[in-house]
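Okay, here we've got a single chain as structure tokens, the form predicted alone, with questions on binding and movement later.
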Amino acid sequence: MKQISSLNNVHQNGKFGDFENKNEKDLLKISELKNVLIFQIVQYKNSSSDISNIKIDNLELPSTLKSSSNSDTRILWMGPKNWIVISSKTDLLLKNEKQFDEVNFAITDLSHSRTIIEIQGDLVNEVLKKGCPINIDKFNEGDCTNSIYNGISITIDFISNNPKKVRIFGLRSFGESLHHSITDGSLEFGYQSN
């Protein structure tokens, strides 16, 4: 099945907002992450399976509010015994599903159900503060959290501190609204979309 981005007719390339007379490196960068595999791993409450031996793309399942990553794959902690895997390796689920038996785990492919917006720049936190009630400044590279942005349920993955880069995940059905909220919050600072 071919993936069609939820922002296919919405996300436009170019410069927007207050970008004039600003150095291009000072503009926020907004892009959509697409054509990736996304799946959820949930360990059942009554499971006695030891997760310390589980590795996906040579990554361990991270602990509370953390992520683990390499150049192709990120694993986010979503809650107790609950993780989301995002990978450019579209066959990663097939290669790893033998680690997860049906008695102890539920694996769900979410690839078509999420919108992922990536924001990069020094003012990322200021954009997030416009619609997100949590204390964004306390999060750093490798952290992740669930919250809301202007009433839309999101997951924030803090990719790096230098340059400041985050990924915001929302349900596909709210993708356009989330995109409009994020880009509207970025107009004041000026942004480049690609």
Partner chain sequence: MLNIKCPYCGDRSQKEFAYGGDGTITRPKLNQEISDEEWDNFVYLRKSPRGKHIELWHHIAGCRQWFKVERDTTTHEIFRTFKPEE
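Predicted model, so just to flag it, every value in this text is computed and none were measured. Numbering follows the first chain given and starts at 1.
Just so it is clear, the following notes concern the form predicted in complex with its partner chain, a form of the same protein that is not shown.
Colleague: To verify the annotation, which of these, 160, 153, 35, 47, has a non-hydrogen atom within 4.5 Å of its partner chain in the predicted complex?
Modeller: Of 160, 153, 35, 47, the residue with a heavy atom within 4.5 Å of its partner chain in the predicted complex is 153.
Colleague: Does any heavy atom of residue 139 come within 4.5 Å of a heavy atom of its partner chain in the predicted complex?
Modeller: Taking the distances in the predicted complex, the answer for residue 139 is yes, it comes within 4.5 Å of its partner chain.
Colleague: Can you work out whether residue 148 and its partner chain are in contact in the predicted complex, taking contact to mean some heavy atom pair no more than 4.5 Å apart?
Modeller: Taking the distances in the predicted complex, the answer for residue 148 is yes, it comes within 4.5 Å of its partner chain.
Colleague: With the cut-off set at 4.5 Å between non-hydrogen atoms, does residue 64 touch its partner chain in the predicted complex?
Modeller: Yes - in the predicted complex, heavy atoms of residue 64 and its partner chain come within 4.5 Å of each other.
Colleague: Verify the contact flag for residue 51: yes if a non-hydrogen atom of it lies within 4.5 Å of a non-hydrogen atom of its partner chain in the predicted complex, no if not.
Modeller: Residue-level check for residue 51: no, no contact with its partner chain.
Colleague: Work out which of the listed stretches, 22-30, 53-61, 160-168, 127-135, brings a heavy atom within 4.5 angstroms of its partner chain in the predicted complex.
Modeller: Checking each option against the 4.5 Å cut-off leaves 127-135.
Colleague: Scan 60-81 and note down the residues that get a heavy atom within 4.5 Å of its partner chain in the predicted complex; none is a fine answer too.
Modeller: Contacts from 60-81: 64, 65, 77, 78, 79, 80.
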